[in-house]
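The chain that follows stands alone, in the form predicted on its own, written as structure tokens.
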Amino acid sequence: MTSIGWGKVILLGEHAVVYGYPALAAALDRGVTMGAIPTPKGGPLRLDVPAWELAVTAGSTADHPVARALAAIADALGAGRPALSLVGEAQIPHSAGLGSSAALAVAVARAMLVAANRAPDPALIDAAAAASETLLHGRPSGVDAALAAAGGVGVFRRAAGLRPIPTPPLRVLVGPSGMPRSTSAMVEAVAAAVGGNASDARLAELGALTDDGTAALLASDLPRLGAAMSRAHEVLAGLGVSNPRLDSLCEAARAAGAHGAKLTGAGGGGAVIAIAPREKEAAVLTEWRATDVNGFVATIGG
């Protein structure tokens, strides 16, 4: 039996969500699936994700951040160090702002509970994912872990968690830039830019754009949603979390006919997203491929 953690995109509200503003976020139709088998000869707790060239052992590779995260998940579950080999299949790239670490944590937690014949307690899975995300990212908002576990589309606030909203299926173009980035470094950069002031006008605008974009999504007004996304990218760039590579990918998408485009997630690298009329999607992907970005179309909602 395999267990899954969903990848995600943030349509609007990243970084501002850390300061209490809403974020409009959605689980992708793909993520990380995980299976657990007894480790031969009773060996250690191991994790292997071939697509990411990731192979760690809890304990003996404690200097590796994912090895530490694996141990943190096991501890949050009260599982000790069972003799398991966790083998994962990843349908999203890592370090791309698509919630890969949270998807991995949720899939691992679920697989470990299944292997132990324990109930898939949502609160326990959330706690395990939060422990992993805190170790890896320092001060995560919590939205990645919430979507990795629950799927769907929702408005997330740190104080209230994820509020699911019903939406029709929406096709989103995802363009991994190929540039690694550090979520914690970008969160720190924004904190420095706003001086820790949650009332900063740029954060407030990002929150307002989330409200407007959510209304547009519920009304299936994609041009309005795209405009909110493009403006949000400009604000995020002003906060120092974009770069020329991400800016050019967004510009290329809009020039090819997209309603709007923006970075998604922490920024500093990672991925951009765009929404476009169906007949313009191929043109957007072609423009991205010309700059060595292998984009794809994912579905959210529905």
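Everything quoted here is computed from the prediction, not taken from an experiment. All residue numbers are counted from 1 along the displayed sequence.
The same protein also exists as the form predicted in complex with ligand MEV; that form is not shown, yet it is the one meant from here on.
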I165, L217 and G301 all contacting ligand MEV in the predicted bound form, non-hydrogen atom within 4.5 Å:
no
L285: heavy atom within 4.5 Å of ligand MEV in the predicted bound form?
no
Would you classify A266 as touching ligand MEV in the predicted bound form, given a 4.5 Å non-hydrogen atom cut-off?
yes
Even though ligand MEV is not shown here, does P140 get within 4.5 Å of it in the predicted bound form, heavy atoms only?
yes
Partner contact for I10 in the predicted bound form: ligand MEV, 4.5 angstroms, heavy atom:
yes
Only one of these stretches, 140-148, 219-227, 77-85, 108-116, has heavy atoms within 4.5 Å of ligand MEV in the predicted bound form; which one is it?
140-148
Listed residue that, although ligand MEV is not shown, lies within 4.5 Å of it in the predicted bound form (heavy atoms), from A71, A131, V187, V172:
V187
Across 1-23, which residues bring a heavy atom to within 4.5 Å of ligand MEV in the predicted bound form?
K8, I10, E14, H15, V17, V18
